[in-house]
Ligand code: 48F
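Here we start with a single chain on its own, the form predicted alone, put down as structure tokens.
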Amino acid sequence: MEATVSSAIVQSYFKKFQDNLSLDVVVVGGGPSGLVASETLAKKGYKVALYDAKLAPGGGMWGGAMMMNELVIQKKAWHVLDEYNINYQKISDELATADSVQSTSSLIYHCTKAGVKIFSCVSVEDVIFLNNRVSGVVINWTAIGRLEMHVDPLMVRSKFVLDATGHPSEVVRLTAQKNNVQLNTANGKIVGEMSLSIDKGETSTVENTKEAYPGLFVSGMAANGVFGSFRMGPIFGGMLLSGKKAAELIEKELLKNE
């Protein structure tokens, strides 16, 4: 029985791994914008894998605010909560609260049901850079990096990559630093995240969701970090809408290439 259990896990995992080495879209970071973008694209039939450095995806959504597991969502994003069967309580005509655990777990559930393959404990340590375009990612186990072990990675090809890594903007940062390229920003570099302003931060999260470099899109707080705007704290409507917008923009590009 012991050998059978181990064999089942190894065979099943590595079949999934091998089947996802060439993709339509790679999403890096399993926060709300990354999950929504992944699920939206997968439901439309695209082949999508999501890589998250942590044991469980969900990003900062799990923690609510200061580990109080409630979060706030604006009216303009309530339809997204309805789509994912997330319960919410209206506290005004414009705001509602939702349980962060139910919200996050529901996004993850719908993501996997749509066909997204989620790989936990996997970090992106580089991008595949071909013909001045991001054409995939270079991955390794998160533990390898944290232990500072020199172990070579593996590669995953994709038509597009979405950086949904939150505040660090990890994939865009890697791309810019290692290849000395000009980003699609005002100064050609990562502009940097500003201090907290809820209204401005929520609006700009969606506005800044776009292509940062050929083949590389950015969403959520990573978008504000790259293009330079405010953080917004434990209000998540902009994050959800950013994921929707990222999926729409990427799909447009995918359709161009069909």
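Just count from 1 along the sequence shown to find any residue number. None of these values were measured; they are calculated from a predicted model.
Below: the form predicted together with this ligand, not depicted.
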* **Listed residue (M221, L41, A212, A49) with a non-hydrogen atom within 4.5 angstroms of this ligand in the model of the complex** => M221
* Would you kindly say which of H167, R173, K76, K117 lies with a heavy atom within 4.5 Å of this ligand in the model of the complex? => H167
* Any non-hydrogen atom of M239 within 4.5 angstroms of this ligand in the model of the complex -> yes
* To do: Examine L249 and determine whether its closest non-hydrogen atom to this ligand in the model of the complex is within 4.5 angstroms.
  => no
* Would G233 count as a contact of this ligand in the model of the complex, using a 4.5 angstroms cut-off between non-hydrogen atoms? -> yes
* Asked: Taking heavy atoms only, is V206 within 4.5 angstroms of this ligand in the model of the complex?
  -> no
* Quick one: name the residues from 47 to 77 with any non-hydrogen atom within 4.5 angstroms of this ligand in the model of the complex. => Y51, D52, A53, K54, G58, G59, G60, M61
